[in-house]
Every structure is written in structure tokens, then in C-alpha cells.
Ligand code: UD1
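Okay, here we've got a single chain as C-alpha cells, the form predicted on its own, with questions on binding and movement later.
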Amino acid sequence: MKFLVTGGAGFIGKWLLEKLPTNAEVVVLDSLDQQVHRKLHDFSPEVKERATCIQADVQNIEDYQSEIEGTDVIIHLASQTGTGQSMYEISRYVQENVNGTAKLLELVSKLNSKPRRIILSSSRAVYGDGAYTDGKEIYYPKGRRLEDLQQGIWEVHNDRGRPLTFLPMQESHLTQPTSVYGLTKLWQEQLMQNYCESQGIDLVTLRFQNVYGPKQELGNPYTGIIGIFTNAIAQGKRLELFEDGQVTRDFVFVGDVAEAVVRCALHPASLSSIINVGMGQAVTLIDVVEAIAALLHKPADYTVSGRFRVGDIRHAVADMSHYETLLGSWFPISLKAGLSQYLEWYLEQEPLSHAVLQASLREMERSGLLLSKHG
């Protein structure tokens, strides 16, 4: 088999390369964006050893038709992924995520032999705030109201002011992104679906929850909240938690994510499906901070500031039942076990400067996207 992995030198890509069949031919295309690859000007030895490497933006992929010809499965990981950053670097996210995907599909249309399958890495961000219930009906709120957030009303309510209960995200739920990043991922999905259906290509869209683990770039302050938390705790810096600290996320270990991608890539039958990939457990940010601090044997020094990011959602957790129906049992490692592996790796790395994180927060403040509640 022959695989093309766009963004294959990145976080998930490195794990994926280790899990693909050793007798498979692999081509990696990656721009080596300095925000994602700190101090890296060439492909790492581990990537070079496993794959034919092309340093290029996916928007310029048309120059590499001969290298990509004969590909059986395309795994499209290349993407800008900072939710907050997407709200003020709008054109960059649209160009790299949407136009990049369009350019990839244009190249596919020129290949003499089309791939049998494309796997798209999408995001839970396409769901926006997700689905809620009052016990009787299902609601799809389209973003929390700014006036509510400014009053410190963090949870989602119905039109009568009654609190609603969040439901695990299902693939059949409505997609209503609340961030530019989420919009670009949804547009990627729609471009892929339109093209693949017209060409008879098996499309698998994987909607990842919050992926974490070793090899995640510490120098990028716009992604990887676990890395941000770990940096602060390890360096003895006080950590700021937004809202009331009770925001929940579904943290899924990168090794499990790579395994899910490989399962899809090697599946013998047509899948043609959207599939969630998460641990399937909602964890509050306070719980994550305390777990990291306990593993590092450091105090959990944090403040709950009441500040909030425009476009953030309140709760997120994946319903993994569809995955299990299509691909079999799902046994992700626990958050504690995943954090233990991450911290063992982290302690051998050069930490992120606290000033870099503060600079990213100031940029969001200047853009009017990081606000405080009134009073």
C-alpha cells in the first residue's frame, strides 16, 4: 500500500508513522510551519527514516503529482488548529485549511489512479456548543450570549432561563461552529464529501476531541491546553483558569488517536462515515490541573479569573458508540495513564517560555476576544 500523509511531520503524524504497516510506502507532505515546529528547519530523522518527505504547503501540492501518483489512502492532517487564534487570523485559517483542502482535491482529480480512501482529520469544533436537553426536548444553542458571559452565567439555558444538560456529541447532531477554526473544519468536511461522493472515493471523517500526549509542540501557545497547564505548574507559575474552571473537555491520548486512524486506513470494507474520536469522558479543567500537579508533586497553584474567550464552548465529550459499531471495541487509556506518559516526555524537553503564553493572551485581549465578566 501507498499512503500520503499531509501534515505528517506534526504531532499526530509522528505517532501515525510508527503505527502504519512497516511494508507500506509513505509520502509525507509538510510545510514545517514554525508555529508548530519550533526550531525545526528540516524533517526529523524519525520521519525521514520512515517516509519520502516533501517540504511544501498543501496549497502548493500541485507540484508533486508524480510523487503522489499511485497513492491508495490519503490521510489529510495538515491544518491550522488554534481556536482562539483563528478568531483574529481569519484569512490565514481560511486559506490554509479550506483552500489547502481544495488544492489537495484538485490534485487528486488529476491523478491517473485515484485513491480508494481519504481520511480527513476534523474536529469536535464543528459541533459548536453541541446538543443539550431539558429532559424532554433536544436543543442546539448557537453559541452562548455575550451578555450572559459578562454576567458570569456560564452554563447554557433555554429561552425560559432554565439550565440545560449537555449531551455527548453524536455524529448525527447538528453542526453549528462557534469559531472560525470550527467553520474551516466544517468547510473541509463539506468539500471532501462533495468531491468524494462524485468520484466514488471512500471518505472517512474523524472528528477529534482534545488530543494530547508526547511530541506535541510546546512552543505553540494556541494549541495543547495540557501543555500550557504543565508548563505553568512545572515552572511554579500561577495558572489562570477561564470562566469558573468548570469547563469540561474530552482529552484523548495521541496514541489512541493514531490507532483509530490506522484502523480506518486498513479497514477492508467501505466506511464512508463521520466518526468521533475521543476518550468518551468529560473532565473539568480544574480536575486536569490537579491531576498534573499531583503527578509532578507540585502544588496546584491556579486562580479562577472569570475571564472568558469569545467563541469557546462550555462542554465537550464524544459519544463513541458509532466508532465501536464500525470499528470494534474502544479501550482508550485513562487520563492519568496518558498524563504520566506525557509528563515523562515533557520533563526531557525545553519548556515553553511563560512570556510566549502571555504574549498570546495579550494578542487576544487586543483583538477583543479575551474578556472579563462584569462586577
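Since this is a predicted model, take the numbers as computed values, not measurements. Sequential numbering from 1, following the sequence displayed.
Absent from the display: the form predicted together with the named molecule. The rest refers to it.
- With respect to the named molecule in the predicted bound form, the three residues T205, G278 and H322 uniformly fall beyond 4.5 angstroms at the level of their nearest heavy atom.
- Shown without its partner, this chain lists L295, L266, V283, I225 as candidates; in the predicted bound form, only I225 has a non-hydrogen atom within 4.5 angstroms of the named molecule.
- Comment: the named molecule is not present in this chain, but in the predicted bound form one of G82, P141, P168, P115 has a heavy atom within 4.5 Å of it, namely G82.
- Stretch 226-234 is the answer when you ask which of 197-205, 153-161, 226-234, 170-178 has residues with heavy atoms within 4.5 Å of the named molecule in the predicted bound form.
- By the criterion of a heavy atom within 4.5 Å, N97 is excluded from the residues contacting the named molecule in the predicted bound form.
- In the predicted bound form, the named molecule lies within 4.5 Å of some heavy atom of Q209.
- Taking the partner from the other structure, the named molecule in the predicted bound form has a heavy atom within 4.5 Å of a heavy atom of S123.
- Contact annotation for L241: at least one heavy atom lies within 4.5 Å of the named molecule in the predicted bound form.
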